[in-house]
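In structure tokens, one chain follows: the form predicted on its own.
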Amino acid sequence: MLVDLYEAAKFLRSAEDAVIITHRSPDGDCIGAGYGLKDILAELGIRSRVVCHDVIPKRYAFLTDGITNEDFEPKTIIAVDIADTQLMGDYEKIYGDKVQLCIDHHESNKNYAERTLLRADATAACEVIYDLAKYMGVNISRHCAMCLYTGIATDSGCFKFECTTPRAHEIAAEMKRTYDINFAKINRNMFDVKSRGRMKLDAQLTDLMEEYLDGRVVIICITQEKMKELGVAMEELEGFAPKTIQLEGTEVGILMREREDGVFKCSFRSAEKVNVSQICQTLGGGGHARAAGCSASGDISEIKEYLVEAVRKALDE
């Protein structure tokens, strides 16, 4: 059931001992939304803990270090930035059918929760969390401000993606004006600092690009073997997907990343016109019009053919 800020706020004020679920392969938005909401619940005197199927990347340690995830039997289950329970990983079996509130901004949200606060026009889930906090009149701590800024900055590509709303800029300005967060340091850590392995991967970008449909589609496939060869971790590939549409004339880019279990996480990006969320929904995934994803397993060549064919159909429509 879709709810508005009033209904979501009413539910949160009555919450007890909450588990906040973030999606697997965590990014800045789900981490920021999860820990930002945890801060907000603490202001309301509500215990909570943030859970994630995967280990949170070290570069987000400034948001997670020193934060205590309290131990209790959960009474309230909340999901943030999760459009589909499949994205919960192992937590899908535990909480997938028990989510009481989902706070999200993906147009492909499956509406799996009892209540869904959905703002598909928002830059990031953190934008929704901010508006919820302001609506409730809850104090936003400096740590919470850093969480929310990080989520908005990363999901907007440091405010350059098409999804960036005027509201996102306004919130970022408020975080700087009121809480004096070090946005330059956060942006450097999120977008500029890379490991030696990631630098090597960037250097091989041209060689890794595979062009299809006369260059209208580009695929970059990074296997576990390639990651080990370069000494780059899966988590370091966050933010790599936009590189798939850097080539002039490319309309849709796809980044294939092989997880340790052999499943490929396929991240789609649209240069301008193609709605990749609609494509990914036909493949069992979802997301946004210009950034979406799905998963695939099997022979690499067959997966590529499968993905390209799905894009071809969309381009021909």
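No experiment lies behind these values; they were computed from the predicted model shown. Numbering starts at 1 and runs along the sequence shown.
This next part talks about the form predicted together with another copy of the chain, which is not shown.
- Under a 4.5 angstroms non-hydrogen atom cutoff, another copy of the chain in the predicted bound form lacks Asn109 among its neighbouring residues.
- Among heavy atoms of Phe161, some come within 4.5 Å of another copy of the chain in the predicted bound form.
- When contacts are judged by a 4.5 Å heavy atom cut-off, Lys228 does not count as touching another copy of the chain in the predicted bound form.
- Within 4.5 Å of some heavy atom of another copy of the chain in the predicted bound form lies at least one heavy atom of Met199.
- Comment: 184 to 192 is the region of 70 to 78, 184 to 192, 83 to 91, 98 to 106 lying near another copy of the chain in the predicted bound form, near meaning a non-hydrogen atom within 4.5 Å.
- Contact with another copy of the chain in the predicted bound form, judged by any heavy atom within 4.5 Å, is made by just one of Ala120, Ala173, Ala233, Leu213: Ala173.
- Within 4.5 Å of another copy of the chain in the predicted bound form, a heavy atom is found for not a single one of Ala61, His143 and Gln224.
- Of the residues in 46 to 76, none comes within 4.5 Å of another copy of the chain in the predicted bound form through any heavy atom.
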